[in-house]
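First, one chain by itself: the form predicted alone, in structure tokens.
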Amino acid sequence: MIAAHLVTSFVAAAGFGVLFNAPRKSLIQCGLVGMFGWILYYMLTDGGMDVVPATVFASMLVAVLSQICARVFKTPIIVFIVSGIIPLVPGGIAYDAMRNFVENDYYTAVQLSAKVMLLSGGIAIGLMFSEVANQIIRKQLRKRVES
């Protein structure tokens, strides 16, 4: 079962890399970043964690891996983040929310919309936390080198 998650998340992330015109040489890395983010999300939710904190942790992992890939392969970080975050985007839940709005089931639609907003905010918070941690670590390393 987990092999199916590995393959589909890799294909989804690499496929969106193709759609977003990522350089051909970085498509494998885009797929791997998305795959590792999704597997962390899957393992955390399978272990009983709520989906919102799992999304935060998975997006933090995607951001860290994207920063590493950007430095190693000398490619802009946005190439890896955008395609790597795709498996975590709550598109199916957003679709269900819109479908329930159309079917006049507002109670369910509002619940699903709130969930979509929380997950989207979780993705943004995870990316931001990773960048802040990266800045702090780099600043500390600079201070050590200077002293």
Partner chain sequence: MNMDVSIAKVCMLAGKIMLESGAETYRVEDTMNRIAVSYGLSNAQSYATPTGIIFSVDRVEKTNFIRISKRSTDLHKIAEVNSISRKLTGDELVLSEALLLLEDVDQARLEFAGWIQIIAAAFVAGCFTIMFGGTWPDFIPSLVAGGIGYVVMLFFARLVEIRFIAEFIASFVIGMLAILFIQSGVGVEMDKIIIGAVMPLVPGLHITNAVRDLMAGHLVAGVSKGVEAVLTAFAIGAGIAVAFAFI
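Positions refer to the first chain, counted from 1. These figures come from a predicted structure and were not determined experimentally.
Although not depicted, the form predicted in complex with the partner chain is the subject of the following passage.
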Assert contact residue (the partner chain, in the predicted complex, non-hydrogen atom within 4.5 Å, options V64, V89, L44, L32) equals V89
Candidate site V56, M60 and K115: all three near the partner chain in the predicted complex by heavy atom within 4.5 Å:
no
Any of the heavy atoms of V82 lying within 4.5 Å of the partner chain in the predicted complex?
yes
Test of understanding: in the predicted complex, would I78 fall inside 4.5 Å of the partner chain by heavy atoms?
yes
Would Y95 count as a contact of the partner chain in the predicted complex, using a 4.5 angstroms cut-off between non-hydrogen atoms?
yes
Does the 4.5 Å heavy atom contact test between L27 and the partner chain in the predicted complex come out positive?
yes
